[in-house]
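Single chain ahead, by itself, as structure tokens, in the form predicted on its own.
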Amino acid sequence: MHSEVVASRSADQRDSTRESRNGNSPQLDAVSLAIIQQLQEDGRRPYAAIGKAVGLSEAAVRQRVQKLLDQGVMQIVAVTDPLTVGFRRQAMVGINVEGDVESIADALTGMSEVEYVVMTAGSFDILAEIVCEDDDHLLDVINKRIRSLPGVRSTESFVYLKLKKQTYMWGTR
């Protein structure tokens, strides 16, 4: 059902949405969007099954998927539950910066515990999601590594008590 919605949208609507978000992003046609939607539902879905759903051969789907991967449009990864693999503490950290926000964001992306970095408008300049083994590990990351970066003015931590929803199914709007 959802793939029909994706395919029925006009190219002008999709193109204007993408251009407004990022002027240099690859242009995706309805078939590529439908392939992405199929893989978001099941990242291990066979190319032959995707081909049937989107009207392409298995080889054509394989080529399109590789192009989408090469362009950085998508990634195919195993998403784990951090608790089951030994990471018992997660937090979102709001960071206020003096000076160049991008240099701080770049430094954060180099930290293995930092899973997500976004520059924002609002109360914080940067939001960073941190995944750690325990509270001591989280304290070390925030206190000794993030707060010690030149230009970090302040941080505010939002420790996760319970994860109620984690999904990557936002589709291909």
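In this text, all values refer to a predicted model and were calculated from it rather than measured experimentally. Numbers for residues come from their place in the sequence shown, where the first is 1.
One more form of this protein should be noted, the form predicted in complex with a further copy of the same chain, which is absent from this view; the next part is about it.
- Between the options Ile146, Val54, Leu33, Leu138, the residue in contact with a further copy of the same chain in the predicted bound form by a heavy atom within 4.5 angstroms is Leu33.
- None of the heavy atoms of Ala59 is located within 4.5 Å of a further copy of the same chain in the predicted bound form.
- a further copy of the same chain is not shown here, and in the predicted bound form it never comes within 4.5 Å of any heavy atom of Gln63.
- None of the heavy atoms of Lys67 is located within 4.5 Å of a further copy of the same chain in the predicted bound form.
- In the predicted bound form, a further copy of the same chain stays beyond 4.5 Å of every heavy atom belonging to Ile142.
- Taking a 4.5 Å heavy atom cutoff to a further copy of the same chain in the predicted bound form, the contacting residues in 36-64 are Ile36, Leu39, Gln40, Asp42, Gly43, Arg44, Arg45, Pro46, Tyr47, Ile50.
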